[in-house]
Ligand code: SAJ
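So this first bit is one chain, no partners, the form predicted alone, shown in structure tokens.
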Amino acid sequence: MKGGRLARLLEERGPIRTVGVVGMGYVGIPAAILFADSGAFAAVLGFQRDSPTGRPKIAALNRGENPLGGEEPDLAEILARVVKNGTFRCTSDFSEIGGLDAVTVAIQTPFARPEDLLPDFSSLFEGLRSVGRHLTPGMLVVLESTVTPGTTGGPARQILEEESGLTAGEDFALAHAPERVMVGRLIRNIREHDRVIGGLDPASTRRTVELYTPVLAANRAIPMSALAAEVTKTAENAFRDLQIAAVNQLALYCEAMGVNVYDVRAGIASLKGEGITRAILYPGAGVGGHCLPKDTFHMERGVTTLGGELDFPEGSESLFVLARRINDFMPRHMATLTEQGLARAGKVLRGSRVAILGWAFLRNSDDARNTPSAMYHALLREAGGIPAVHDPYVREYPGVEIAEDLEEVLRGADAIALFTAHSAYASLDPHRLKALSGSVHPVVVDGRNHLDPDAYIDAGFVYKGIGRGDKNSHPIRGG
């Protein structure tokens, strides 16, 4: 009977005692240290490639030092504890996988060109080959990476079987249990969110539930097929992206009608009752991070590659792809607001100095993956503007100079564009900023509703804000 051999192998192996996590990034590090801190496992190994960027990370982790920047509550404390206790260490020696009971894989799956629906799985597949070469009978392999639906049972399975000579579902367990974390709350998210678990077969699902149960604080594992789990993860991010696009479009409408979108949002959110949900999110300068800008395309690719017949209004664009286009438009709208603000101050964008506050895509984080600030920066340069960038957490980014000295970036700025709601920016003094700018009427463009419009207007700024139709045409004060 198919699956009977795997069930016997798992029973013979006994409870999961040793765990490996491949990929020491924003997903892999918190997952590994929570496994190590759970008390359920004797040893947890983190696997990271031996590379110029990987070696310092391995060394830091083995010293018990957090290599991730930004504010991550509890992560540094737990990491230091599990290293001191000897339940976690990091290595570049993938041969040690052979001695483990379970391995999870948490490697990024970006799209180089989303419009082509062609994901770059090269790093993921390399990691899977490293796992496959050392697979032993009765081992569990779990993909945590967000993947195109069909990947776990398709190319991932094929790679593991080819490299190991074993058969998934008979000789080893295979499942997809997608990560559901957000930078800035990594530990809390893993502990508190329910875990979607999709095994290739019932035995694989049961084994994966066993792996994750010790780190789920009070929540549950939700079993389903591997394909359903893949669709769940891509769809939940596509839905979130859709929700953000809806409120971004509402913000554009409110600007055109002279209304404060945040007043409208509060009114909509106030309607409560049985059968009523008002999950309205917040507008902003753009959507960044590793997940939302690409996961819609994973879902769309799944539809095109799995061969099913799609019944859909003829000639209509995917609602989810349209949402992506709206969210990708918001940095361009920030550039438009900047031009409009400069025009009110009697200036043009060409030759104007623009201070960009925030390069990380998320507040109080150093995560700059797919940052919307990058598109804005490029648009400014194309138009002849002179951008300067500050971020209190991001230290470097390819092709962009990021200053540590905030006053250096603000000095002589004709306009200030706030892209990230870092706590450090909330306490800025408009009068001090105006003095640094040297302009009679400097421009401030608030992409996150993080600044007090009236304080800046009273100080003599020309104010523009996403969704702030009530303020964007204010009388200019001072002189």
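All of these numbers come straight from a predicted model, not from anything done at the bench. We number the residues from 1 along the sequence you see.
Absent from the display: the form predicted together with the named molecule. The rest refers to it.
Q) Does the named molecule come within 4.5 Å of a heavy atom in each of R185, N237 and R448 in the predicted complex? A) Heavy-atom distance to the named molecule in the predicted complex: all three under 4.5 Å.
Q) Considering L211, L135, L380, I244, which brings a non-hydrogen atom within 4.5 Å of the named molecule in the predicted complex? A) After the contact test, the surviving option is I244.
Q) What is the one choice in V321, I159, L216, L281 with a heavy atom within 4.5 Å of the named molecule in the predicted complex? A) That would be L281.
Q. Just one stretch in 380-388, 356-364, 77-85, 160-168 has heavy atoms within 4.5 Å of the named molecule in the predicted complex, so which one is it?
A. In short, 356-364.
Q | Contact test in the predicted complex: V181 vs the named molecule, heavy atoms, 4.5 Å | A | Yes.
Q.
With a cut-off of 4.5 Å between heavy atoms, is V103 one of the residues that contacts the named molecule in the predicted complex?
A. Outside the cut-off, so no.
Q. Would L292 show up as a contact with the named molecule in the predicted complex if we use heavy atoms at 4.5 Å?
A. Flag for L292 set to yes.
(Q) With a cut-off of 4.5 Å between heavy atoms, is R301 one of the residues that contacts the named molecule in the predicted complex? (A) No.
Q: Counting only non-hydrogen atoms and a 4.5 Å cut-off, give the residues of 19-34 close to the named molecule in the predicted complex.
A: Read in sequence order, no residue approaches the named molecule (within 4.5 Å, in the predicted complex).
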